[in-house]
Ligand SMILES: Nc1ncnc2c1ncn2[C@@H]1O[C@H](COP(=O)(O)OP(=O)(O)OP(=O)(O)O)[C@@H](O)[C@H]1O
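First, one chain by itself: the form predicted on its own, in structure tokens.
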């Protein structure tokens, strides 16, 4: 099979043939078009992973073609080639989402390097961010677009939608990927602890400051710092974060000297920051400084086409239940999973599959193995094909959900804590949470060791 499908657009026939020969010689499938209009006709009839286009085409320009392509399918990578580069054209192309900008004459090795980079990034992203819905494709395209830059990114989405995964993928595909990715959940710490965690402190700065400590901004020098749930920070702390972003310097708690830092910030929140602005709970200047590039992380109910591949991924990742292997999910169970609204999003889906594996009795996940809230009459009814009304699966009785998503999450946390004898580090690993996130939820639910 070809390594990938590429469309080459150039109004010079000889140049088109040179590019095609180079690409096909490396195993890529390549097609050519003499104009932007011809390229759009080809794109309407088949799928291409990458478009390589000259900037100065006869008729529609390369930048205009770029805009048309990404409006139709934001996951297509576009590389622009020009013999007359200019700052203005580069800025315009970057705004519209170009993947790379190359100057003529294009060296063969440089062309293949860029093309290889595109497919390497696409393969890695598809492996880690599962799903084929339009919303997921758009998110993948945005990751590819912003990762090579130094811009601040704001990831917006409900809890459990995978915001930290998106942040990690941006870092992994960035020039800073050789350095450790650092993260903090701003909602999991008190204001005083969070300030010390972010900016560090000097010895004697407060009662328990027995020695100097470097904060995350210092430790993330030349790397990426992920500020999760930034909407939960205080106004005073927001002012200090803003200064770090604008001035690229911080001051430790109790310190007197400014420290220069080179940190890329990726922030995320599940809260409505515009509403917080109106309520006076979030700084307007910080909001616009963070929202240089916003990336929406859609809830699972808005990308139902991703439910099945995610469910099968979690099925394959879970350890087989004692004495049997669970290798499949029944069509009825898949339809019920698709029909459910998933208030806890991807995290809730993962736990639902884990529960079904533990409690099921066959070598596949059946409808009756799913959690009660998914088996509500409305959900089960909507999961059935309109043309048929099959009888309930053996042993299945209509169940009304008595537990909310929060109650379900609380139960899973208690179970993990009991299994690990209240070792929070190990419990967090079992739950797929960070240590601080689990601490925050323990406090939120008022959990105490019996």
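Residue numbers count along the first chain shown, from 1. Every value quoted in this text rests on a predicted model; they were computed, and no experiment measured them.
Omitted from view is the form predicted in complex with this ligand, to which the following refers.
- 314 is the sole member of 314, 119, 101, 287 with a non-hydrogen atom within 4.5 Å of this ligand in the predicted complex.
- For the options 365, 198, 80, 346, the one in contact with this ligand in the predicted complex, meaning a heavy atom within 4.5 Å, is 346.
- Residues of just one listed stretch (201 to 209, 240 to 248, 152 to 160, 215 to 223) have heavy atoms within 4.5 Å of this ligand in the predicted complex: 152 to 160.
- This ligand in the predicted complex is not approached by residue 76, whose heavy atoms all lie more than 4.5 angstroms from it.
- Mapping the unseen interface onto this chain, residue 270 counts among the residues with a heavy atom inside 4.5 Å of this ligand in the predicted complex.
- For residue 437, a non-hydrogen atom is located within 4.5 Å of this ligand in the predicted complex, even though that partner is not displayed.
- When contacts are judged by a 4.5 Å heavy atom cut-off, residue 350 counts as touching this ligand in the predicted complex.
- In the predicted complex, this ligand lies within 4.5 angstroms of at least one heavy atom of each of the following residues of 120 to 153: 128, 129, 130, in sequence order.
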